[in-house]
Structure formats: structure tokens, C-alpha cells
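What follows is one chain in C-alpha cells, specifically the form predicted alone.
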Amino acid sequence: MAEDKESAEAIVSEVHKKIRAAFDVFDHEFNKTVDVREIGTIIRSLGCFPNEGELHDAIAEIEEEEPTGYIRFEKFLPTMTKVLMERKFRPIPEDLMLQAFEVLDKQKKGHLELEELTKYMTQEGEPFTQEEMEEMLSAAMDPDKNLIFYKDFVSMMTVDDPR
């Protein structure tokens, strides 16, 4: 029983170290605060991938009563610990992501054209901003053929999720 408690405490301690390290990268003033606009990047660097609504909810939970534009570490730590321990905001598995691209590839060519993907990503569902679209295309598009070979892109994008 005591070993279980020590093991759980060790896990929580490791989680806290990861959160602290990720937070510190953006704590430019070394005052245990970060710009609220960096929270999404910090959360993603910890292997969590919330959608915009979930990110907004997380920020609302950790923000001060009177928002200052900054998030304090002592408010961020318990919320982020809970997120990591409960494995919230997990990345989409590779096979599901591949299926999504295959649905868009109606002719089953194994690739999508730039205009096609841009239309889907900016006009459907939770639309990408122009900046997000440019960032994605810089990673996804084959520079020689100006096509998106989605199998390659999906395997490059996904991470192994050790559960």
C-alpha cells in the first residue's frame, strides 16, 4: 500500500516537472507568469491537443477573476496536472486521421490538391486561419509536385501514444 502511494507521488512529481519545464520556456520575466496567448503552445508541447473550444475553456478555468493577459503558474499547475493525469486532449490516432483524408480523396488518388485541401480546411468544421493553413501546407505539401500526399503527411504528424 505504501509502495503504491510512493509510486503515485513519483508519477505526479514527474508530471509537475514536465509542466514546470514547459511553462518556464515561456516565462520570459522569470516571475511565474506567461502570456495567455502562449497557453495553447504550452499545452500542445505537453502532448495534449485540445480544439479551440477546449482550449478556451481551459484558459477560462485558469485565468484570474479579472483577466490580466497573463497566467500564473500556481493556477496553471493543478489544471494541467489533472489534464495530463486524465489523459485529456489526446492526439487523434494515425488510422483515424488517415481515414479523414481518404474521405476527402474521392477519386482515391492518394493525394489532395492544394485548392481542395485549402477549401476543406478553411470552410468546413472548425476552420483554419490563413496562418494555420500556411503552416500546415509548408509541412504537408510536396514542393516538387504541389500536391499533398496525405499518407506521408499523416505519418509525419502523428506521434506514438504510449498508453
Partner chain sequence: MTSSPTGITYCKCLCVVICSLPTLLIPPAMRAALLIQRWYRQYVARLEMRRRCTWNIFQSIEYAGEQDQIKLYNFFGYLMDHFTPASSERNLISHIFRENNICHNVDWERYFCYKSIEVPELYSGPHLSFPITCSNAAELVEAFKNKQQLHSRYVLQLLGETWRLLRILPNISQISTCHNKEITICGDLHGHLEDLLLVFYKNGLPSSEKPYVFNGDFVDRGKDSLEILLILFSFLLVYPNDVHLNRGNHEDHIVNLRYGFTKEVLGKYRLHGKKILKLLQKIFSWLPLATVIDHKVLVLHGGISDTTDLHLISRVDRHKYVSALRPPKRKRQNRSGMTDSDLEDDDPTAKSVDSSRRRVHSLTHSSSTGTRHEVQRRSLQGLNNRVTCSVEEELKERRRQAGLSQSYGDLRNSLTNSDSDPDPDSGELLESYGDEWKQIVDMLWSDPMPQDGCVPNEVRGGGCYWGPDVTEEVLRRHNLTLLIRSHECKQEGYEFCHNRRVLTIFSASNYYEVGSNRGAYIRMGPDLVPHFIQYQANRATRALTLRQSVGRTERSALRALREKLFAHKSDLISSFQEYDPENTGLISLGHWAGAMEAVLRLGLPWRVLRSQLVGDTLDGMLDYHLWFRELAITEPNTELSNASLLETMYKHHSNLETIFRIIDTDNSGLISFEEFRQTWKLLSSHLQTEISDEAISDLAVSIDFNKDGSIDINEFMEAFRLVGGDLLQNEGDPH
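Not measured: the values here are computed from a predicted model. Numbering follows the first chain given and starts at 1. Just so we're on the same page, rigid core means the largest C-alpha set that superposes within 1.5 Å between forms.
Below, we refer to the form predicted together with its partner chain, which is not included among the displayed structures.
Participant: Gly125 versus its partner chain, in the predicted bound form: is there a non-hydrogen atom within 4.5 Å?
Facilitator: Result yes; Gly125 sits at the interface with its partner chain in the predicted bound form.
Participant: I'd like to know if Arg87 sits close to its partner chain in the predicted bound form, meaning any non-hydrogen atom pair within 4.5 angstroms.
Facilitator: Close contact is absent here: in the predicted bound form, Arg87 is far from its partner chain, nothing within 4.5 Å, heavy atoms only.
Participant: At the 4.5 Å heavy atom threshold, is His28 in contact with its partner chain in the predicted bound form?
Facilitator: Yes, His28 is a contact residue.
Participant: At 4.5 Å between heavy atoms, is Phe101 in contact with its partner chain in the predicted bound form?
Facilitator: Yes, Phe101 sits close enough to its partner chain in the predicted bound form that at least one of its heavy atoms falls within 4.5 Å.
Participant: Thinking of Val12, Ala58 and Glu74 as one candidate spot, does its partner chain come within 4.5 Å of a heavy atom in every one of them in the predicted bound form?
Facilitator: No, none of the three is in contact.
Participant: Only counting heavy atoms and a 4.5 Å limit, does any residue of 120 to 152 reach its partner chain in the predicted bound form, and if so which ones?
Facilitator: In sequence order, Tyr120, Met121, Thr122, Gln123, Glu124, Gly125, Glu126, Pro127, Phe128, Gln130, Glu132, Glu135, Met136, Ser138, Ala139 come within 4.5 Å of the partner.
Participant: Can a Cα shift of no less than 2 Å be assigned to Asp24 between this form and the one not shown, given superposition on the rigid core?
Facilitator: Shift at Asp24: below 2 Å after core fit.
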